Ligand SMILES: C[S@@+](CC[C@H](N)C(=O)[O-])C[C@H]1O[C@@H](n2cnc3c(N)ncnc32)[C@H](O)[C@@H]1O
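Take a look at this one chain, the form predicted on its own, written out in structure tokens.
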Amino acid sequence: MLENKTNPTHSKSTGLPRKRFYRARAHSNPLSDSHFPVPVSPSHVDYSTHYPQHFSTSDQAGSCKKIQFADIGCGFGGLLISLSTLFPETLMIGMELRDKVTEYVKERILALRVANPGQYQNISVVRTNSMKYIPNFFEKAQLSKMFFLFPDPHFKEKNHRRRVISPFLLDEYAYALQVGGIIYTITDVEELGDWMKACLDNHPMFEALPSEELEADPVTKLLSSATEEGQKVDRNGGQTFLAVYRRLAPSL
């Protein structure tokens, strides 16, 4: 009881943070400058603060264990939570621009770790602008999966440059993804779905995942069910538009 009194933002029954205390604007301007620390390079990422059970303060970027999954614009962390138990040996991180939402995900992960000893030690979150700082966090060919779930559609044509999937940004994502790595996108906005698919189709470093591989991939089933946005679309009987692509080897 004392713990609940000192943590009014957490549920008394589950110990998890309550979203109503961490609400923020649905979207942020990714082109504006925000004030948060950014590592100079991937070797300066402090893994011990994110994955204390896997790293000590002296066991940093020299370790062979690296982040492999990146959830770009992770929202309230639903996908990370689901992937954590599906891939318990894989380090993964959510990247979120909104400060209150990032704080919620941090508190959610900490609470899950306390309630489930030994679990959820492979996930973390960082507040950052992924449209600007992907190379600061990930080495070349480090990632095996990148996720872009229900991104801001930026409907106005003048704001299309703010979209997180674009020909220019795909160059950076291709840099961070290993050959054979997969990029997952989903939206409930048909025009945005067409845009993301066209960008990926026209990029020389990506090819669409064959339907049989898509159906066999356990991750695909989570794209529309693990996140708050996906659950909302499902409740409202909405339609989703999926695009999943593989990183190709450079042509000789």
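Since we're looking at a predicted model, the values are computed, not measured. Position 1 is the first residue in the sequence shown; the rest follow in order.
One more form of this protein, predicted together with the ligand, exists but is not displayed; see below.
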Can you work out which of T128, Q142, S82, Q121 has a heavy atom no more than 4.5 Å from the ligand in the model of the complex? T128
From the list A176, I109, L170, M95, which entry has a heavy atom within 4.5 Å of the ligand in the model of the complex? M95
The ligand isn't shown here, but in the model of the complex, which of 109-117, 177-185, 72-80, 85-93 has heavy atoms within 4.5 Å of it? 72-80
Partner proximity in the model of the complex: F137 to the ligand, non-hydrogen atom cutoff 4.5 Å: no
Contact flag, L149 vs the ligand in the model of the complex, heavy atom cut 4.5 Å: yes
Looking in the model of the complex, any heavy atom of D234 within 4.5 Å of the ligand? no
Heavy atom within 4.5 Å of the ligand in the model of the complex - qualifying residues of 193-227: T227
